[in-house]
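One chain is shown next in structure tokens, namely the form predicted alone.
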């Protein structure tokens, strides 16, 4: 270790400890006694994020592009209420959860989802799940080749906005508690931890510098936003992008910041005495032709170019104007998913190549 190596700047709000990796399994087992524990694991040659029954199955070495934890706050299918002979029953979920192993970009996404769902008139279903969920995130030591969070300030580590953040320092984790709930949770098992030393902070600095140096993608969403607002991006550009869209919805469903949904009512046990109605919501996609369908069969966004532009404008224009940040955290999931190669990174790259010199 080099002497006099600079260390990360700390704030008074950050509480730090060191957790030996040999104690991680025991700590998670203790947490599971009071919380539903969700973590990434390998299942049929894939990585899934689900409730953990066996601690040893957690995939600590999984890639950064694990499934988004959005589904535990805003599920793909969520029953909202039922109405029957006994009246209306509210089905909002108040289960207490700890979600372990998510990455900084997803914690950044959750912080923005909080603004979307909880500002003004709060969404009660999201609110119930969110207030009972605590995240333990892992700093990315080795980002995926499609990641570009470093240029957006949403990763590979966070300075604020997290519950518990873990730095992998080889044989130990540097644990940071960034919220009061996190401090109380850590406080229950302080006997497993020690206070960090100068060497721990030096290793943390090296991990930060090494991770940032590994990013292959350097994307400027601000540059793309400026080109659009300056009127430089012609419809011919969007038409070409739209022609490559398969309308599969993969970008929307994989994105940790897409929020579109539809509400449906279904009848069960139909009959004069036992009819029951369930109201549910499920993910939908603004990239689908029928999403904005109106009474009488009108389709305001029937043309694919309109839907394509709307998705990118929503991410690059609407989100910054209304929520103060881009509707993209640089997670790279749309790059992996999109068969037409019109993901955020690819389109912004192309936009820069065609219009930045104009």
Partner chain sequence: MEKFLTVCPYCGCGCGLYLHTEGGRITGVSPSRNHPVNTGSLCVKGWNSYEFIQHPDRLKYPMIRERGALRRATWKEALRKVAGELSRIKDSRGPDAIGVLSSAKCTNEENYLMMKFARAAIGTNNIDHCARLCHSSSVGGLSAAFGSGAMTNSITEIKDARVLFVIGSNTTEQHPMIGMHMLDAVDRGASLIVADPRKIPLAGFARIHLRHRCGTDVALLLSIMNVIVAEGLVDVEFVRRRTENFDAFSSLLEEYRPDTGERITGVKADDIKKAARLYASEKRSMFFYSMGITQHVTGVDNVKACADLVMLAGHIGLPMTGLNPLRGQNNVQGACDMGALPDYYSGYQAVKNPASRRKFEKAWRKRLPDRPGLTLMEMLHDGVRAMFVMGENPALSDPDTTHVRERLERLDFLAVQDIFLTETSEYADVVLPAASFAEKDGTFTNTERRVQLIRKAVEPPQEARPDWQIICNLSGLMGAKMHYRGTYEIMEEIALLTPHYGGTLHHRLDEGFGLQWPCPDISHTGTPYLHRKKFARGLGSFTSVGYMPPAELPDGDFPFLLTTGRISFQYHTGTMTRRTHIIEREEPVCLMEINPEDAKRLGIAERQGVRVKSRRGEITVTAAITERTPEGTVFLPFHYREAAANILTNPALDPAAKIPEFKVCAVAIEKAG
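Positions refer to the first chain, counted from 1. For clarity, every value in this text was computed on a predicted model and none was experimentally measured.
Heads up, the form predicted together with its partner chain isn't pictured, but that's what we're talking about next.
Judged against its partner chain in the predicted bound form with a 4.5 angstroms heavy atom cut-off, the residues 25, 32 and 193 are out of contact without exception. Mapping the unseen interface onto this chain, residue 46 counts among the residues with a heavy atom inside 4.5 Å of its partner chain in the predicted bound form.
Contact annotation for residue 230: none of its heavy atoms lies within 4.5 Å of its partner chain in the predicted bound form. Though the partner is left out of this view, residue 288 does reach within 4.5 Å of its partner chain in the predicted bound form, counting heavy atoms only. In the predicted bound form, its partner chain stays beyond 4.5 Å of every heavy atom belonging to residue 189.
Residue in contact with its partner chain in the predicted bound form (any heavy atom within 4.5 Å), chosen from 85, 160, 199, 76: 76. Only one of 181, 206, 284, 275 comes within 4.5 Å of its partner chain in the predicted bound form through a heavy atom, and that residue is 284.
Only one of 149-157, 218-226, 101-109, 239-247 places residue heavy atoms within 4.5 angstroms of its partner chain in the predicted bound form, namely 239-247. In the predicted bound form, 129 is the single residue of 101-133 with at least one heavy atom within 4.5 Å of its partner chain.
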